[in-house]
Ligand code: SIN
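Take a look at this one chain, the form predicted alone, written out in structure tokens.
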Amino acid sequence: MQVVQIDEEAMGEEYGREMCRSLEQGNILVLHNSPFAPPPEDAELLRSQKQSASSAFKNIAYKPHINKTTGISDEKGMDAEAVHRILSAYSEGALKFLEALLPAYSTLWKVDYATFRPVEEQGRDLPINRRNDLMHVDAFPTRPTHGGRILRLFTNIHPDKPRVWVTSWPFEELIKRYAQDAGLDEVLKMPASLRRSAAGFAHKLGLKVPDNTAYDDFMLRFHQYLKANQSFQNEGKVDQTAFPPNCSWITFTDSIAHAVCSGQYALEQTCIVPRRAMLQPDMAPVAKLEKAAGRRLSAV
């Protein structure tokens, strides 16, 4: 894994393809001065917010497809309106930057949530499968990607402290070490296949049931397996990177096993990039897992 500095003056179609290839190879792109970060007064207002105590909300989330913000402690107060405005503006600015930087993806990706993470990650009291300070690859329990990749842009809006990440081995090494124990064969067996078929039928009927593929099932298992594997947590920390205030970084979090050692007040925008948008589709986690399993894991 390499940390690659973004050259804003070089941005264009060919440079964008270079950045896409770098991301697909498992690197992190970094921008040290984020033009889409909230202005100081808005950033201060965000930092003053309290997150909802409900266990249903891990972060404060802005959902562009329904223009709604969830997870604020007082969702009907004046501050809630301001937070919604700020997160909406951040999402719009972050997406415009991503479109300019990565034009090869932007016509095909699906825009997902923007989030604000107001709580200090170090020592946060959450169940294991919801903790960000444990090494993991990303997967969404309610929003399957069907083999698409989870592209995330983060921005540190802490006034003076960095957000510190640790990252692990390449995805191929994770598969080699852990995929079978995590249940790669299990998601291909008849019981799991029947469950997915039933869930897919219910989804088509309009029920709120994720229409997972075998890939989505495995990635959820892998996410939880890695967090719960104490040996991996102890031995898998390979690189550490500190992202200073007003810094943004971009990566595919479904292939880079990562944890947040410390940090508070981060913004983030997610997009799901389908396999057909990849410049190097054989580098995607779904392709590597299909090679290991010897079977297709997603029809897309």
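Throughout, we count residues from 1 along the sequence that is shown. These numbers come from a predicted model, not from an experiment.
There is also a form predicted together with succinic acid (SIN); it is not shown, and the following applies to it.
- Think of it this way: in the predicted complex, succinic acid (SIN) has a heavy atom of just one of Tyr90, Trp165, Tyr105, Phe218 within 4.5 Å, and the residue is Trp165.
- Proximity to succinic acid (SIN) in the predicted complex, taken as a non-hydrogen atom within 4.5 angstroms, holds for one residue of Val260, Ala61, Leu29, Ala43, which is Val260.
- The chain is drawn here without succinic acid (SIN); in the predicted complex, the stretch among 92-100, 148-156, 171-179, 79-87 whose residues come within 4.5 Å of it by any heavy atom is 148-156.
- When contacts are judged by a 4.5 Å heavy atom cut-off, Asp138 counts as touching succinic acid (SIN) in the predicted complex.
- Residue contact with succinic acid (SIN) in the predicted complex: Gln224 places no heavy atom within 4.5 Å of it.
- In the predicted complex, Asn229 stays away from succinic acid (SIN), with no heavy atom inside 4.5 Å.
- Interface membership of Thr213, defined by any non-hydrogen atom within 4.5 Å of succinic acid (SIN) in the predicted complex, is ruled out.
- Within 4.5 angstroms of succinic acid (SIN) in the predicted complex, the stretch 261-276 places no non-hydrogen atom at all.
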